[in-house]
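Below you'll find only one chain, the form predicted on its own, shown as structure tokens.
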């Protein structure tokens, strides 16, 4: 047993409580982050290693979570493949999405130097973070990245153009996915070399296609990334949002932990998933926007028995924190997790 409850839990060591962190914890829910946004744009903070490190550690100081996740974006991979990306008030937008694939696909060439600022940020975070705080690296999973690259933006949440290409032209789609995966593997391994304690792969849009098709055409790419990280000695968490009962096909060949979205019952998910791997999640983040803390606590109490009987569980939300979440509610959840008697004696 170490003084790091997060890494102990990942290793299967039974601790007195579950570790707690939140997806998108270093963002608009924090007043300290919004103060920085008055001076710097999102891109400036992301590309400046010192600023990225500072933002990464804000939740550790402000919320007292057990882990810090790298402040970056899943779309650094398309940028490193040569696509021009703008961050607007309505979200990320590619100037030239991959819709004329016959011409554009051949122009995708990896430039790993575009990832160097991220590795520098990791070096700074590693030096500055408390010893008992885990450092989480991440990247976007191939299918989600593919959807953004083809659609060009996130205005259409169905990603209709991307799905049309996926069905219409499997050969071109596979080549794009392969290029994404190749660079993602290199990027993930690079993060392990710069001191991350755990790696999370974000498949935000897994639910856009049937789960059997996901297993057939996407999961092999996921395995390449997660197993590259695990071979480097770093555990992997896989977050396949919207996969539904398809999570039954996620096993110890895929990841060490699987993160469950808020649409699914955590106890039911535990029954479906390979018992050899741990689970993470899955509080509905929308409840963190309400005013009634008694209602929040009532929702939290639903997790008590699960936490008592499942020591290989990381407390998290079932998706990222939202801009209208109240910071005092988020801190209330952290305190609740830390102060609850989980009866793990």
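Positions refer to the first chain, counted from 1. What you are looking at is a predicted structure, and each value in this text was computed from that prediction instead of being measured.
Although not depicted, the form predicted in complex with coproporphyrinogen III is the subject of the following passage.
Enquirer: Among the candidate residues 170, 91, 130, 220, which is the single one with a non-hydrogen atom no more than 4.5 Å from coproporphyrinogen III in the model of the complex?
Expert: If I apply the 4.5 Å criterion carefully, the residue I get is 91.
Enquirer: With coproporphyrinogen III left out of view, which of 286, 293, 304, 28 would have a heavy atom within 4.5 Å of it in the model of the complex?
Expert: None of the others qualify; the residue that does is 28.
Enquirer: When the contact criterion is heavy atoms within 4.5 Å, does residue 71 count as touching coproporphyrinogen III in the model of the complex?
Expert: Residue-level check for residue 71: yes, a contact with coproporphyrinogen III.
Enquirer: Does the 4.5 Å heavy atom contact test between residue 75 and coproporphyrinogen III in the model of the complex come out positive?
Expert: Taking the distances in the model of the complex, the answer for residue 75 is yes, it comes within 4.5 Å of coproporphyrinogen III.
Enquirer: Is residue 146 a contact residue for coproporphyrinogen III in the model of the complex, using a 4.5 Å heavy atom cut-off?
Expert: Although coproporphyrinogen III is absent here, residue 146 would stay clear of it in the model of the complex, with no heavy atoms inside 4.5 Å.
Enquirer: Examine residue 262 and determine whether its closest non-hydrogen atom to coproporphyrinogen III in the model of the complex is within 4.5 angstroms.
Expert: Answer no; every heavy atom of residue 262 is more than 4.5 Å from coproporphyrinogen III in the model of the complex.
Enquirer: Heavy atoms within 4.5 Å of coproporphyrinogen III in the model of the complex: which of the stretches 180-188, 118-126, 199-207, 266-274 has them?
Expert: Stretch 199-207 is the one.
Enquirer: Even though the chain is shown alone, can you say which residues of 310-327 have a heavy atom within 4.5 Å of coproporphyrinogen III in the model of the complex?
Expert: Heavy-atom contacts within 4.5 Å come from 319 alone.
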